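One chain comes next, on its own, written as structure tokens: the form predicted alone.
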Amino acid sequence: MAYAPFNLTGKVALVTGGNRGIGLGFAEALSQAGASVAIWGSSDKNNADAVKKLGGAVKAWTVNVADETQVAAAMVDVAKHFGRIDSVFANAGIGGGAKSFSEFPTDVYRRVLSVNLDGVFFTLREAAKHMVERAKGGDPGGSLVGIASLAAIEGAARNEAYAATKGAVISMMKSIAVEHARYGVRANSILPGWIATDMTQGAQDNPAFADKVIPRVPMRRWGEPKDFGGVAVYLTSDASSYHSGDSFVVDGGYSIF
């Protein structure tokens, strides 16, 4: 018999940026474990493709997480559609670097912060409202997850805006964890390493990167979206009911080598 807490039947998970990359890896595993899954994405086509691929109790919403009003309305709609929300993965994010820090364009800086930091803040704040209200009604519990990056803890040259947002996510999650523990709500961060997604396509196509960086990964390969399925299921499941305020590094050992 399978370990019961990893059966997510009856649970509802929301994944922002869940229509491709790591987000789709989260969504696929959660669906396979029995959860109903809400996907938020900014592309109608990618949303439709993800729903078609996953099947089951999966529904997508077109949401720009940088828009506070859209986030608030969509969170209410998800809760109304599925009846509840048990876990939220604030995964939607964008890249955005520059030739150098001294030449970093302000418009790029603002755009990266609007999605990677404001979007996470808006998403988790609205999710917390739902979970706290539910807890006060006698149904405590919930899992809030912010997707950070190794850029939060290692030097990411020419990517200061991106790094700043990811470091902020880790701090935000710790604060959320402390404040919401009384409601049975836990909050954790996930820090991906070098993962083969659309965002890293340029590095994947760079022979020098392949020769000099990937061999430094102890597992000697790029990470894949499916490598995040296990941690997604764990953090949504009752198995993680006492695990909060932590940072999960998923990088094939890169950061310790």
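Values in this document were obtained by computation on a predicted structure and should not be read as measured data. Note that residue numbering begins at 1 and tracks the sequence as displayed.
The following text describes the form predicted together with a small molecule, which does not appear among the structures shown.
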Would all three of F82, A128 and D238 be in contact with the small molecule in the model of the complex, where contact means some heavy atom lies within 4.5 Å?
no
Can you check whether L144 is within 4.5 Å of the small molecule in the model of the complex, heavy atom basis?
no
Should A60 be counted as a contact of the small molecule in the model of the complex, where contact means heavy atoms within 4.5 Å?
no
Hey, in the model of the complex, is L14 touching the small molecule, heavy atoms inside 4.5 Å?
no
Using a 4.5 Å heavy atom cut-off, state whether A92 contacts the small molecule in the model of the complex.
yes
With the small molecule left out here, work out from 28-36, 52-60, 194-202, 210-218 which stretch has heavy atoms within 4.5 Å of it in the model of the complex.
194-202
